[in-house]
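Next up: a single chain in structure tokens, the form predicted alone.
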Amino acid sequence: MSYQPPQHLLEVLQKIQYEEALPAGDPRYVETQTARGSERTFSRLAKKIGWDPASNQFFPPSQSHVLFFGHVGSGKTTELRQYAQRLNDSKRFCVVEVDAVDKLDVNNLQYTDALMAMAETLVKYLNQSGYRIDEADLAPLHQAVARVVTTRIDGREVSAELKTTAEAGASLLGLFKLLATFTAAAKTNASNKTEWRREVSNHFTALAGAFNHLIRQAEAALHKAGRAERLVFLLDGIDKLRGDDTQRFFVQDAEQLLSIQAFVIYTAPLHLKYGGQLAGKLDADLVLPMIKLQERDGSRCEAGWTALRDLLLRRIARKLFASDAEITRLVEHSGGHPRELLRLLKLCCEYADDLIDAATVERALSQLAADYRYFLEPDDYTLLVQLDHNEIHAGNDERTRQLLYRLALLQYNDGSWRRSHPVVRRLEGYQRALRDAPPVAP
């Protein structure tokens, strides 16, 4: 039976999930590469880890740590899951996805947590998939992790079960239990998290070396089974780090990340790319562009309009709109941002009676615009007008980065041009700044 979108407004409303990333094969997925102008994004990513999809040539480097930038909610995870399927299908790679939001505390995340989560996810995959790793090859990591998680905390002994697991011979299942104990503490803010992090940091060289050894053994097992030649870790959700945590993880702790000799892809917040502090340590030039509704010269981008209309109508039946005009207005005011389109749809479902009509859409637009009014300062409107109408405006200061982070400013075509959010342009503050702006020289 073919897929049918929800047929009732209340059902639509209950199924809208902003944080939901679509798995490969989900019928709600819409191909957006042409609409984003990102046809070469996957090819570039694949080449960074040594594979040319066009020719199937494979010359992998020893390691590659790639940041995958994009606006929050722009669809990075959904796109990366499509990429992961293509990498897996190539038989060159085995992608190990680590969901930081699910497994760790993104409001208090450090490289130590990420390392242990990567190791846990790999060991779990190997164990569940039936791969065998010799005890001698597991022993270094088993011993290193056991030393961490059996550390006495405030004079308290670890549980008997954990102590028994730590002292037992190295096995995939035993190692998984030890690693899961650490990541569970990192997720739940357990009192022993700080001490365990210190232990990982103090013995990081040995721990990283043991993890690298396991990676090589895992790749050998995958290759022998004909499954893949190299592992790729996909660390998703790291783009949700805030403030100092972002700087510490990607900048201050970059050397620790690079100590892991593997292919690692991290989702990263767009504003980090323009902070000027990455210093070239991590591969930081890959951006998922926003879906375009217009080109830089103002002409209409038909691919973008089609993609967003399809995205909308896979989440709500067409019969729930009074006319196509309401669909057009929602797409137009999303600015090409998938999550903003879903936010508008959610508001419409809350305001509508039986159908989403023109009045419902107007109320939704006004409500979303009001959400931006709460945090925008008078000078922000002036800056947004300048960015909209002055092509030579550099726009890379802290205020501009904050506008990008908060989606008041949207970026297209790998950053070659930007525009303010369409709902922001409805606000009186923007209109006043536009009236007061000096004319742009021809």
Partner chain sequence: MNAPAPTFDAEQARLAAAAHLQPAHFVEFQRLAKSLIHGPQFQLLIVDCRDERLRAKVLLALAQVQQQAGLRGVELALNDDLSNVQALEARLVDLAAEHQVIHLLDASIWMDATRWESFNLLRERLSASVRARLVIWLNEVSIAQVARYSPDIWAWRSGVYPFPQKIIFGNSPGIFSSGLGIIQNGLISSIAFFGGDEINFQKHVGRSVEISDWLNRPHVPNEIRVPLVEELNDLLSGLHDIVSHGQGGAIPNEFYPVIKECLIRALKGVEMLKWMVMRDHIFPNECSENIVLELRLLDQLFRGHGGS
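Residue numbers count along the first chain shown, from 1. Note that the rigid core is defined as the largest set of C-alphas that superpose within 1.5 Å between two forms. As the structure is a computational prediction, the values presented were derived from the model and not from experiment.
In what follows, reference is made to the form predicted together with the partner chain, a form of this protein that is not presented.
Exercise. Does every residue of 81, 329 and 332 put a non-hydrogen atom within 4.5 angstroms of the partner chain in the predicted bound form?
Worked result: Checking in the predicted bound form: none of 81, 329 and 332 is within 4.5 Å of the partner chain.
Exercise. Is the gap between residue 277 and the partner chain in the predicted bound form 4.5 Å or less for some heavy atom pair?
Worked result: The answer is no: residue 277 has no heavy atom within 4.5 Å of the partner chain.
Problem set entry | Proximity of residue 59 to the partner chain in the predicted bound form, heavy atoms at 4.5 Å | No.
Problem set entry | Partner contact for residue 105 in the predicted bound form: the partner chain, 4.5 angstroms, heavy atom | Residue 105 belongs to the contact set for the partner chain.
For this session: Indicate whether the partner chain has at least one heavy atom within 4.5 Å of a heavy atom of residue 367 in the predicted bound form.
Result: Output for residue 367 is yes: heavy atoms within 4.5 Å of the partner chain.
For this session: Name the single residue among 346, 248, 315, 163 that comes within 4.5 Å of the partner chain in the predicted bound form, judging by heavy atoms.
Result: Spelling it out, the residue with a heavy atom inside the cut-off is 346.
Exercise. Which residue among 319, 300, 132, 224 has a heavy atom within 4.5 angstroms of the partner chain in the predicted bound form?
Worked result: Partner contact (heavy atom, 4.5 Å) among the options: 319.
Exercise. Going by heavy atoms within 4.5 Å, which of 28-36, 59-67, 43-51, 374-382 lines up against the partner chain in the predicted bound form?
Worked result: Only one stretch passes the 4.5 Å heavy-atom test: 374-382.
For this session: Taking the partner chain as it sits in the predicted bound form, which residues of 9-24 have a non-hydrogen atom within 4.5 Å of it? Please list them.
Result: Going through 9-24 in order - heavy atoms within 4.5 Å of the partner chain in the predicted bound form - the hits are 10, 11, 13, 14, 16, 17, 18, 19.
For this session: Kindly check if the Cα atom of residue 87 is displaced 2 angstroms or more between this form and the one not shown relative to the superposed rigid core.
Result: Superposed on the core, residue 87 moves its C-alpha less than 2 Å between this form and the one not shown.
Exercise. With both forms fit on the core, has residue 314 moved 2 Å or more by CA between this form and the one not shown?
Worked result: Comparing the forms between this form and the one not shown, which are aligned on their rigid core, residue 314 does not shift its C-alpha by 2 Å or more.
For this session: For residue 365, state whether the C-alpha moves by 2 Å or more between this form and the one not shown after rigid core superposition.
Result: Result for residue 365: yes, a 2 Å-plus shift.
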